[in-house]
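The form predicted alone is given below as one chain in structure tokens.
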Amino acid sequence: MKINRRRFLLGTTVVGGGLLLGYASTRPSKHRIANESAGSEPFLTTWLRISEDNTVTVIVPHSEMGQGVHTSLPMMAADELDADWNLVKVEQAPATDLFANGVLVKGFAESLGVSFPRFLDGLATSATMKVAEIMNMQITGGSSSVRFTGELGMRAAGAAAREMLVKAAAARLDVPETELSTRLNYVHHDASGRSLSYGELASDAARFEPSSEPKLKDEKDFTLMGKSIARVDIPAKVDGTAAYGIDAEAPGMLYAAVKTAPVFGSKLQSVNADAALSRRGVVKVVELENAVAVVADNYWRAKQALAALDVQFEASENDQVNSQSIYAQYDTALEGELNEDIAEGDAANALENAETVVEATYRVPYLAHAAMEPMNCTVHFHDGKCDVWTGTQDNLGIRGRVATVAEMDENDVTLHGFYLGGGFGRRLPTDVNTIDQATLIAKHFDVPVKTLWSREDDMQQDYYRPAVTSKFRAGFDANNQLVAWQNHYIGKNEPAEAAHTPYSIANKDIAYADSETHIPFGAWRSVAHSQHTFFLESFVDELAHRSGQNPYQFRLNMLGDKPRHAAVLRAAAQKAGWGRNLAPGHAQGIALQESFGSIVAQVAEVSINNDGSVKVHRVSCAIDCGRTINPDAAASQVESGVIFGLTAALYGEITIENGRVQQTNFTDYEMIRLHDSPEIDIVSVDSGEALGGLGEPATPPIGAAVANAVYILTGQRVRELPLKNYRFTAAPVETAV
């Protein structure tokens, strides 16, 4: 990110701490800054605006990519505001510093165990807001929208705005604040029968500073939170009027098709553009460091001309790399020096003295994001300014990225946000090859240029979920009790706790080896949990069977100090009818994991098709996310997480040959189809604990649950995904299920 003088000074102020207090105490508040440009609709807080006609607009600092945050977050603010939902409108926050999301910084910090003393709450808020501005943070990811922005920000914004309206009404009516109540966009003085609408009071209320510690409602007083409310984005998506980045249009627009070096890290060597330039509609051939683009008056012509180019890329040492050599590299790394993750008790001694030792090695391949909307970005340089049209998971971050690549001031870049046709980590500011290319290509023109990637481009130039190898050893004592757990794996990625097991085992040795490859790494839905839950829950299941114990009861016996986990495991088993008589040829597998503050257990009911492939009939999923804000939306999130994870377990595999990705499209990177989708039953376990995420936690357990059921059916332990690479024969093993 380009650091100008202002950002550098503010950055050192935040780090220094002491100077921040003086700066924070003298600068105008965000509330005041917002109202300087509000016009006739004053901001009561940064995220809430009320108009004279009594409508409430909630400004949402997150992207809508199907997860429903443009509904759930406004619900949280509107509930605390005592707003009439029929009078609530929703807007995407613009990509400006004013709407940098400091609440996320605070939320992630607290989730990592960083606490802020109450008397420093105002300072902490100022500090995290400034950090968010410096980092260009408006990110959507990490299952953070509801549990951080909603719980820590939107609720507080609604409650603070309500208090400001009450103060304004008390002054207008000349009555004590304690005599006033709020309902459905009105402040009422029941004693005199007088009422004032929020619209009438908004200008007066905006003169007050929002409280940093407004009083929030008790759960029993919620009017919107906890109810199933229709998502505000659905009508436009049903009637086709919803706009995605790929829909961006502008007068005089040109289109770019790009060919990037197939081996990651290679450079462009030479281009013979004669054949392309002679084609109809072609305007220019643009050479980049590792790619070449053809720009034409429509995308089809650009793409066809691109295919006619004679392009050469430099050879590199990575040209000989393949999936097998990468796994061999991992095996070597795991035999070398390791980095400690968790060390409890004396695992080495416990293993040496164990009655029985079980060993197993698991691995998973690279995975692509494969979002339904192909990658795209439209950029227009004009009059020393730059406009960008695209769908991203961090509008403010992408604005900063374009400014950096274009060597411009961020304030001269305007980003126009859109709905996302799938994100899952692919549209983050860390995964910017499409953004960088679009920016560099558009700099050659004074008209808008839309850079479009084909499905093949997207599949072969992604930022991939990494391939991982994980090796286990476990020991049982003479009483058949699990006393030792050793897990050595490749690459510690986020979240830091992904390789940790929730089960009570006295001696643990968890460590990892770093082993870099040339394959670009990117966050993928549920990140490291998606790999490690398959490893952990498959191996736990393996231990249960090897010790002759019921897989469900085996887990439950080790959760004595984890009542929330035990409750979720019981709920999933009960929902699935664990242990009941199943249809002939069917079996159940179970898995459990905590991720992003939520606990999920899943039971998969599986059979083997005549061709030896796996058929998943039913998934019973229990989730404890604290409490649910919008039950229908929550259920949709869980269902989508199951389908996303099941697709990966059944089919997901990116393979490397000659240094490059082999897969090209959905023909060889398959998705689960409707006719193969299982019935999904969901049970919510509301513990009343802190809110957890919903976008990601349902993805990790499904692979292990299915593989564990396959073992019961076939006696074959799946230690490497995807399942499409196996042809199973039903040969049931004896098991206490």
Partner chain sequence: MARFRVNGVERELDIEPDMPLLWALRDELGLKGTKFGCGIAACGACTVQVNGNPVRSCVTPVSAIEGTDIKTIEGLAVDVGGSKQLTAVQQAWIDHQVPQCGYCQSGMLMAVSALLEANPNPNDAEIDGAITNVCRCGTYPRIRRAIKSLSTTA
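Positions refer to the first chain, counted from 1. Note that this is a predicted model, so its numbers are computed, not measured.
There is also a form predicted together with the partner chain; it is not shown, and the following applies to it.
**Student:** Picking from 49-57, 685-693, 665-673, 699-707, which part of the chain touches the partner chain in the predicted bound form when contact means heavy atoms within 4.5 Å?
**Tutor:** After filtering at 4.5 Å, what remains is 665-673.
**Student:** Heavy atom within 4.5 Å of the partner chain in the predicted bound form: which of 639, 151, 387, 497?
**Tutor:** Checking each option against the partner chain in the predicted bound form, the one that comes within 4.5 Å is 639.
**Student:** Among 330, 512, 644, 539, which has at least one heavy atom within 4.5 Å of the partner chain in the predicted bound form?
**Tutor:** Of the listed residues, the single hit is 644.
**Student:** I'd like to know whether residue 532 contacts the partner chain in the predicted bound form, with contact meaning heavy atoms within 4.5 angstroms.
**Tutor:** Although the partner chain is absent here, residue 532 would stay clear of it in the predicted bound form, with no heavy atoms inside 4.5 Å.
**Student:** Quick one: does residue 579 come within 4.5 Å of the partner chain in the predicted bound form, counting heavy atoms only?
**Tutor:** Contact check for residue 579: no, nothing within 4.5 Å of the partner chain in the predicted bound form.
**Student:** Classify residue 231 as contacting or not contacting the partner chain in the predicted bound form by the rule of any non-hydrogen atom within 4.5 angstroms, answering yes or no.
**Tutor:** Yes, contact at 4.5 Å.
**Student:** Taking heavy atoms and a 4.5 Å cut-off, does residue 409 contact the partner chain in the predicted bound form?
**Tutor:** Residue-level check for residue 409: no, no contact with the partner chain.
**Student:** Check each residue of 351-379 against the partner chain in the predicted bound form and list those with a heavy atom within 4.5 Å, in sequence order.
**Tutor:** Contacting residues: 368, 369, 370, 371, 372, 373, 374.
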